[in-house]
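Below sits a lone chain in structure tokens, taken as the form predicted on its own.
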Amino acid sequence: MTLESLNLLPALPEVFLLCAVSAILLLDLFISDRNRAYTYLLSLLTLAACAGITLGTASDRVEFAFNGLFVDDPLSDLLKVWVYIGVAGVMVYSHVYGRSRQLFRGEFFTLALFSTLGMMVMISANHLLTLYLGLELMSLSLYSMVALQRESPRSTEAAMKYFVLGALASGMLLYGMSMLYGATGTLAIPDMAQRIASGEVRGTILVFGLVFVVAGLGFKLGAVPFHMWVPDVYHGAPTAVTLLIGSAPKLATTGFIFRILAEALGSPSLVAEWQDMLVILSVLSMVVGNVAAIVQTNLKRMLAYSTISHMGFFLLGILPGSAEGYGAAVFYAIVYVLMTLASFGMILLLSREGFEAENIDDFRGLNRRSRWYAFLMLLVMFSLAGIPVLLGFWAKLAVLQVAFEAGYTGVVVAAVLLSVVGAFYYLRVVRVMYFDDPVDTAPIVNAGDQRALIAVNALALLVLGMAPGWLLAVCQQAVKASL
């Protein structure tokens, strides 16, 4: 290996983030609790600098680093920028919440940045070992963040469940990757795709490896029947950590799926194999997620089952195995992150010291307490339900269209019917906000940056919904340039 083969420039954002988070970790040792805002600001500045480096080095070319272990292409640049936006949004939404719950500490910010680094490595992986390294860095950071409230039995239980089931998923992925290596004789994604296309593989071992990989991906997405961790972790983790788990990692998993299914296992002979499995995961996720969400009274658990159903819709974009389908799936993932940030962000805004606004009843009469916040929450719920002309509608339409054009008519009909079912529990939140008497009459107090962010976040669902074509076109173009 030579310096030329290392070629660190494509990995400059990752190198910078690693150096910056290490510096923040050391500096935080000398920062007192009352000055913890410096750690918070340094973390935001680090994410902003990473975004600047990523955009500044972005191009239409595909470049490799670390002797082919790492790739920088238009899709990775797009997903990384949205990861920065997602993680920065989590920090802004949660800093007031964290102060009153002993979460406003250096550990929270450094672990969030380390998990961001893991997501970036996953997105740019060009080798199965690099994929697994990024996955474990992200996952271990998130496991630790769930358990940050050591004195909370609910958080500790959620962390244990997340760790045990996450370790099981990682083990399944690792076993599947080992079988892929046994079938193809390589761990490099381009070489694997080339050998599969040429027929120089052991077919039976390859299919078995594919089954384990898809099962592991189902765990990471929270798709049925690998969804059992999602409601308990969403409910048990501190809301700030739940927001992180439910947002940016979905973009990293999107990159993971693209590298594995589209690039490594995208041969026509294999596409039909994983398409059948994804059909089952998609339909089951939409059925279980939407039906189970109806009976929930806890908003965090309702949004957890909502996540499961949305992952079913997301998989509709992967089903066709085409560039248009992958582009629609990337578009759906970005829109989903925006909606998740706004929904959990509103829970954080209404929470205060000693009170968690996590039950649906806590939103009763919100229109009488604050018409502005009620309107913003209405936009978020309507977008999650897929009501025109909000951005969530166009995301669902995009994946439904590519699935329909690929011949999955029955799956599309089922998805549309289940989307109507899902609208019920979203509209229930709107009903209690506008038609019920308030249970909590305490004034809503939060920081100015939180108020500004929730307004921009929720209104973006409306404004971008008026002209969604450009974002979808960017996603499609990034996928086509990266294939």
Partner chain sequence: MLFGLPLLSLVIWLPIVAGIVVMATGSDRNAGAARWLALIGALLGFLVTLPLFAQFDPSAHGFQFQERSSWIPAFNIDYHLGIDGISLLLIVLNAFTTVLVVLAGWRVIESRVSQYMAAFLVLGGVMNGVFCALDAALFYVFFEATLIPMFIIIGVWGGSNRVYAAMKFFLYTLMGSLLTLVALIYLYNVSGSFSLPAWYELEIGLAPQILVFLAFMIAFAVKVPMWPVHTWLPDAHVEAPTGGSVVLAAIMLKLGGYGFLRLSLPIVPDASHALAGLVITLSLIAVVYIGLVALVQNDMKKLIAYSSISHMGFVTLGIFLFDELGMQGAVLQMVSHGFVSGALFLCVGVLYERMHSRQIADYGGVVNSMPVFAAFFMLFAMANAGLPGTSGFVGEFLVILGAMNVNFWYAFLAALTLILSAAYMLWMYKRVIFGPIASQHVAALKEISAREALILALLAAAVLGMGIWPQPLGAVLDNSVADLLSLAARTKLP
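Numbering follows the first chain given and starts at 1. Given the structure is predicted, the values throughout are model-derived calculations rather than measurements.
Another form exists, predicted in complex with the partner chain; not displayed. Remarks below refer to it.
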* Structure fact -> Picking from Leu78, Val71, Val412, Leu148, the single residue whose non-hydrogen atoms come within 4.5 angstroms of the partner chain in the predicted bound form is Val412
* Would you kindly say which of Arg105, Arg352, Lys161, Arg368 lies with a heavy atom within 4.5 Å of the partner chain in the predicted bound form? => Arg368
* the partner chain contact at Phe404 in the predicted bound form, heavy atom, 4.5 Å -> yes
* Asked: Does Leu378 reach the partner chain in the predicted bound form if we count a contact as any heavy atom within 4.5 Å?
  -> yes
* Asked: Taking 4.5 angstroms as the cut-off for heavy atoms, does Tyr434 touch the partner chain in the predicted bound form?
  -> yes
* Asked: Contact between Ala342 and the partner chain in the predicted bound form at 4.5 Å, heavy atoms?
  -> no
* To do: Report the stretch among 273-281, 153-161, 380-388, 298-306 that approaches the partner chain in the predicted bound form to within 4.5 Å, counting heavy atoms only.
  => 380-388
* To do: Flag this candidate site as yes only if Leu417, Phe424 and Val430 all have a heavy atom within 4.5 Å of the partner chain in the predicted bound form; otherwise mark no.
  => yes
* At a 4.5 angstroms cut-off on non-hydrogen atoms, which residues of 391-411 are near the partner chain in the predicted bound form? List them in order. => Phe393, Trp394, Leu397, Ala398, Leu400, Gln401, Phe404, Glu405
